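First comes one chain, alone, set out as C-alpha cells in the form predicted on its own.
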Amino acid sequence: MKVLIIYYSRSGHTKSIADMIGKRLGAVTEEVVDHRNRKGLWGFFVSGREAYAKKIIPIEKLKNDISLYDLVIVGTPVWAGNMSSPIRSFLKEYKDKIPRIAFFTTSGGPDTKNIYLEIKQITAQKPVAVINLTNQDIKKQSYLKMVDNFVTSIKENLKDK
C-alpha cells in the first residue's frame, strides 16, 4: 500500500500530525505551498476570511505524482468552520487524480461535519477514514490514541481492496 499525505499547516499543528501519521504508515508527506503571508494576527484573519468565502487560491504544483499512490490522506486546519483555502484549491485541482482519500483536520472545536460533506462533493468520494483533532485533544494527549485508531482504520479499510 503506497500512501501519500498532503497537508497544509499555518501554525505547525497539522504538519506535526501529518508527520506522525506518515511515520505510522511509512507514507510520503508533502505540504501544499501557497505564497500568501499568513503570519500573525492579520494572516489569521485573512486565512479565516478566505476559508469562509470558500476561495480557490493559486498553489504550487505538487512534487509527487498522486496517481502513483493507493491512498491520499489530506490534512487541513479548520479556519472559520471550513477547510483551509490551500487544501480546497488542492482538492479542486487534483480531485480526478486521487485514487482513494482519507482526511484529517486540526481545529479549535469538534464540528467538522460540513467539511467532510464538502470533501465528498468535491472529490465524489467517501473518505476511507476521517479524524478531527481539536486543541483540547492535543492538550490532553488523547490525540495519540486517536491517531493510532485512524491509522488502524485506514489499514483495515485498505486491506480488503
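In this text the structure is predicted, and so the values were computed from the model without any measurement. Residue positions are given as counts along the sequence shown, with the first one as 1.
Just so it is clear, the following notes concern the form predicted in complex with a small molecule, a form of the same protein that is not shown.
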- Query: in the model of the complex, do 11, 48 and 81 all reach within 4.5 Å of the small molecule through at least one heavy atom apiece?
  - Reply: yes
- Message: residue 107 versus the small molecule, in the model of the complex: is there a non-hydrogen atom within 4.5 Å?
- Response: yes
- Item | Contact label in the model of the complex: residue 135 to the small molecule, heavy atom within 4.5 Å | yes
- Query: Hey, in the model of the complex, is residue 44 touching the small molecule, heavy atoms inside 4.5 Å?
  - Reply: yes
